[in-house]
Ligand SMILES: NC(=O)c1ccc[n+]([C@@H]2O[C@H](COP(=O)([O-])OP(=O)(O)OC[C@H]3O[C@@H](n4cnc5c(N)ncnc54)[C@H](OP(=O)(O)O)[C@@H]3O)[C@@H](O)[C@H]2O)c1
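Here you get one chain, nothing else, as structure tokens; it is the form predicted on its own.
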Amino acid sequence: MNRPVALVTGASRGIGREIARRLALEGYALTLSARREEGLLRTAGEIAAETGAEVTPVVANLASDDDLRALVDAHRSGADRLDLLVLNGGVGAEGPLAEMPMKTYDLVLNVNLRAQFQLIQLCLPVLRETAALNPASGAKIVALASITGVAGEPGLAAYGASKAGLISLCETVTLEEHANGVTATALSPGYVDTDLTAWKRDSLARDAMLTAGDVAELTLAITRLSAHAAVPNVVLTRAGDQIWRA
């Protein structure tokens, strides 16, 4: 396969869907993953029809180690390279720290950090192989973190902690793997207008939020960097009078 290939998690809707669509328009073949089959198949079909890209949907629950291994195996069975790994899948949780059940904390940290750690581990062999074939551009990881991983936000303690860990993980990946041509970037946006932020619309208008296209545009920019460039974290804040707030 001569065209670049990307694996995108959480790809059935919102930010993941828009990143996948933009990559397909750039000529990427795609492996797309999400937890719910119906939405994933619909998105894969729509992107393939619009762009003509080769799109392979793989249903996977990020909370399942077996599903993570099956996802990477499915990717490798259909493609012999991985130019870009987009870690977009995750879960949210809102509520005061003092009242949050540990079961909720465990789910958020397991999906938003542990699963991302494991996916990177599983994908590193093919990322290294791809980077060796393309030393000028290397292979890249883009992880969707959050501005709450940089500046704490009331009510988002577990979510922000998981994203802070993800930002640190990306830095460590670049430190350990740059000699193999693999670098990682965390993208840390504030509130993005998707169905996942519908709960916030009573206090924050949709037109005051970022767009999925904003995040996708930064992802594409990272793919165009040379292997000599490393961007540890990109904070994308909403324009306004509280620049470090979600």
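The first residue of the sequence shown is number 1, and the count goes up from there. These numbers were taken from a predicted model, which means no experiment stands behind them.
A second form of this protein, the form predicted in complex with this ligand, is not displayed here; the remarks below concern that form.
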Exercise. Does any heavy atom of P57 come within 4.5 Å of a heavy atom of this ligand in the model of the complex?
Worked result: no
Exercise. Contact between G14 and this ligand in the model of the complex at 4.5 Å, heavy atoms?
Worked result: yes
Exercise. N88: heavy atom within 4.5 Å of this ligand in the model of the complex?
Worked result: yes
Exercise. So, in the model of the complex, is A44 in contact with this ligand at a 4.5 angstroms heavy atom limit?
Worked result: no
Seminar exercise, completed: Contact with this ligand in the model of the complex, heavy atom within 4.5 Å, among L196, A29, A216, A48 goes to L196
Seminar exercise, completed: In contact with this ligand in the model of the complex (heavy atoms, 4.5 Å), from 216-224, 176-184, 48-56, 31-39, is stretch 31-39
Problem set entry | Contacts with this ligand in the model of the complex, stretch 135-171 (heavy atom within 4.5 Å) | L144, A145, S146, Y159, K163
